[in-house]
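Just the one chain here, laid out as structure tokens, in the form predicted on its own.
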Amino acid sequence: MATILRDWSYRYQWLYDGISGFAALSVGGETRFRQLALQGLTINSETKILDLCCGSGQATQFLVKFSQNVTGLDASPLSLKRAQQNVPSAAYVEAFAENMPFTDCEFDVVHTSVALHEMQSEQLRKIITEVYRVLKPGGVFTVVDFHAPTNPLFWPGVSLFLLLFETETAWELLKTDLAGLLAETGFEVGEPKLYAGGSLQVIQGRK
């Protein structure tokens, strides 16, 4: 059960950015955090990338450094307005992640950063299926999100963060085999890479 801090963090971008930056220190800072999901991928200026649930464009801002074909998708008009101001070089689409207005096999890479924990279980499955649909054969779905800490020392910090800023769906994700869901959908998935005492997982699934 989140507190009013959750609402404030979405209402005030300076607060959201501050929280995100502080959390990223656990993996070496914001730049390092944004690089985690793209490790091992070949991306050039023509690579067509979808930043799924892009929010205010924090990850989008990093992705446009690699490709001139980045699209951000989010269901929040306010977030998209901020993203357009923050990263005007990307294109933006207002839509729900489980019902994307894109053709089959449209993107080379779909990236989502700390967003899937916001989704209910059935919604999460629909989103993964949609991502599989819009990816080209050989395309990659990159995911960064919460994971149940493997180091007990990280549990108090993670628990406090989820209590203050997240809802029950985030707690549910800690019990979910996210890589397994991707594999069930048809993705070729390697072992998730864990960071910050196991509290952060990075998954790459190839269609």
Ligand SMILES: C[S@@+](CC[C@H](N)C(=O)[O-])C[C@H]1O[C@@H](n2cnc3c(N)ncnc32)[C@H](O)[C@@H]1O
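Keep in mind that this is a model prediction, so the values were computed, not measured. Residue indices: 1-based, along the sequence shown.
In what follows, reference is made to the form predicted in complex with the named molecule, a form of this protein that is not presented.
Pick the stretch from 116-124, 101-109, 81-89, 131-139 whose residues have a heavy atom within 4.5 Å of the named molecule in the model of the complex.
Stretch 116-124 is the one.
Look up in the model of the complex whether S76 has a non-hydrogen atom within 4.5 angstroms of the named molecule, and give yes or no.
S76: contacts the named molecule in the model of the complex.
Since only the chain is shown here, I'm wondering whether R34 would be in contact with the named molecule in the model of the complex (any heavy atom pair within 4.5 Å).
Yes - in the model of the complex, heavy atoms of R34 and the named molecule come within 4.5 Å of each other.
Do L173 and the named molecule share at least one heavy atom pair within 4.5 Å in the model of the complex?
No, L173 sits far enough from the named molecule in the model of the complex that none of its heavy atoms falls within 4.5 Å.
Using a 4.5 angstroms cut-off on non-hydrogen atoms, would C53 count as touching the named molecule in the model of the complex?
Answer yes; at least one heavy atom of C53 falls within 4.5 Å of the named molecule in the model of the complex.
Which residues from 84-99 come close to the named molecule in the model of the complex, meaning a heavy atom within 4.5 Å?
In sequence order, A95, F96, A97, E98 come within 4.5 Å of the partner.
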